[in-house]
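First, one chain by itself in structure tokens, the form predicted on its own.
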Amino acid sequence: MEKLESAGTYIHFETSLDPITALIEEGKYSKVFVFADINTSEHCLPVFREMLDDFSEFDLIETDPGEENKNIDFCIGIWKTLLDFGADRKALMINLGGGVITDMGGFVASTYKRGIDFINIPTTLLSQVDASVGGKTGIDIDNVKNMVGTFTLPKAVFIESAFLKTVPERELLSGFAEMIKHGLIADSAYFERLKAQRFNELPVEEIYRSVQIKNEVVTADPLEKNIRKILNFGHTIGHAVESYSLNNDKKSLTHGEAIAVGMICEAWLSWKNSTLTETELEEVKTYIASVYPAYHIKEKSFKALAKLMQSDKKNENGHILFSLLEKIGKCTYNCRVSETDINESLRFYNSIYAT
């Protein structure tokens, strides 16, 4: 499958990781590190080794899994480990894992000794179609997502469907939400195709198209000054719901489950504040609700959610800004929405599942 170019970085598909050896030789790296969480180390590292003919000339750095660990304290531990292992500015970090690993690993690499090279090998569907493109790195502060980070491109990205065989179905469903989003904001025909697919039986070609859509948007706006903001559809409310769930629920929502909530709410806002038709709103709502489990948003949580939205990094001059659908397949951005409408969108979401 043809590789994609993203601002000078190549995204490789189904190459069995072969080019990594050449990249290591070209870079003349002093040391190679593989960064993974404990789960990825158990399930994905053997696949990584097999694809590279039992490549073993690296030091493994492990961390605990989960979004709750994507914070500065864990980064400090990783920086100290790099120091202990004698990593200099010619070291290479290979981030093997989901979005938490590529986000945090990229941040650690881009700041260690003012920056060392890194390669991303996303192993979950979510990280393949979302975190793999665009050069965003980041960590959370007080459970507010990605408050500190950099725009730093990896040396290369490798997307291999073999890793998806190690991923639980709930995590596949989480990644599928970002694919739905890509169709809604940029390609109505793609959205129609996805409606006919099962999230756990996705052809590689559909994953490729999702990455291609994100790459087209990112290439047009590398630093998120304008059009790249459409990638935030579903995320203003979705990120707030995700953070709230992480702090308050015994079994917290996955990223994709929270973004599914956000997309339904923000589709309603698109109908109320943009040009999305009622028929299109019904189509979006009905489809997403048929794929993702219900999540009740308590009325008493509305103020807490509003506070989390106020912390969103996309806001300007104290205003909460949204990316809204003009129609299925086309999105606009920097849309101001009233708190009343935000609350009504949350009630609209709850009404879908009311008995």
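Please read these numbers as outputs of a predicted model, since none were measured by experiment. Each residue number is its position in the shown sequence, starting from 1.
Quick note: we don't show the form predicted in complex with a further copy of the same chain, though the next part is all about it.
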Please name which of the stretches 145-153, 273-281, 195-203, 163-171 has residues with heavy atoms lying within 4.5 Å of a further copy of the same chain in the predicted bound form.
145-153
Please state whether every one of the three residues F191, V218 and P293 places a non-hydrogen atom within 4.5 angstroms of a further copy of the same chain in the predicted bound form.
no
In the predicted bound form, does E316 have a heavy atom within 4.5 Å of a further copy of the same chain?
yes
In the predicted bound form, does S110 come within 4.5 Å of a further copy of the same chain, counting heavy atoms only?
yes
Taking heavy atoms and a 4.5 Å cut-off, does H235 contact a further copy of the same chain in the predicted bound form?
no
In the predicted bound form, does D187 have a heavy atom within 4.5 Å of a further copy of the same chain?
no
Heavy atom within 4.5 Å of a further copy of the same chain in the predicted bound form - the one residue of S41, S301, N69, S311 that qualifies
S311
Considering only 87-105, what residues come within 4.5 Å of a further copy of the same chain in the predicted bound form, judged by heavy atoms?
D88, R89, K90
